[in-house]
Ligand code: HSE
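Take a look at this one chain, the form predicted alone, written out in structure tokens.
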């Protein structure tokens, strides 16, 4: 029996307002993969998500990429996906496929690559590190690419925050969201964002949450993307009215993320009531926490059980 590799990959929220393409955090919403070598390509989805079932599948393409890097042929692959992270919503669905595929491939190949090398590969495949880095490493990650190498700092975030993800029932492709961003910016706007991105990272790490509303403001992308997300500005206003520390467009959107103190125990109920009263039934609210551990991988000879069912029976992740 071929060994089955099981991977658990968290959702991510990138940019955090001012940290365009450089800041991202890991959240408690997960995709799961089961991957094993096969003599043909067999791809299934446990939740009937509309994923490619052939060699265009992103998980398959990522596994094949690492096999090619290592010079090993890949006759076929059996992939079983559980897709809890919604597609094209600004929550790192493509990064989850890339990170999960690389971890599965590395395990099938008996771990020839370190986490640092996998992160470099993931950033190359994704094009930027702000989603793949927290998906792999967990926590809050500040990352840049220089010469094909990712330089990063992971910060463990306290568990006294909730992350309210307002997820609409429509998609916003990253390519579309990037097209509306101007190619050139004023020097003052660059300074504006640099200072706030630094403030965001340090404030989350140290617990100075009163800074977050100022820290998440930006002049690089949100003002251009918000018109693509009907209702988002209303959710910003509502979140602040109900006590959120900060609100921002998650990744390229269209999800709006609000950072809320765990002491605001009535935020979820009030927000859901507000959505209903304002006829915004196409939006759903998911209350999430920070995931400080990142993706987990394990090898098993017992396919057919998701990692969610078996993750407590072994080590959380490999070094």
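Residue numbers count along the first chain shown, from 1. Note that the structure is predicted; figures quoted are calculated from it, not measured.
The same protein has a further form, the form predicted together with L-homoserine, not shown here; the description that follows concerns it.
Among heavy atoms of residue 219, none comes within 4.5 Å of L-homoserine in the model of the complex.
Interface residue remark: residue 193 is not counted as part of the site for L-homoserine in the model of the complex, having no heavy atom within 4.5 Å.
Taking the partner from elsewhere, residue 225 is found to have a heavy atom lying within 4.5 Å of L-homoserine in the model of the complex. Using a 4.5 Å cutoff between non-hydrogen atoms, residue 15 counts as a contact of L-homoserine in the model of the complex.
With the partner left out here, L-homoserine still marks one of 58-66, 275-283, 248-256, 29-37 in the model of the complex; by a 4.5 Å heavy atom cut-off that stretch is 248-256.
With the partner removed from view, the residue among 84, 124, 174, 203 that has a non-hydrogen atom within 4.5 Å of L-homoserine in the model of the complex turns out to be 174.
Distance criterion of 4.5 Å from any heavy atom to L-homoserine in the model of the complex singles out 128 from the list 154, 128, 213, 80.
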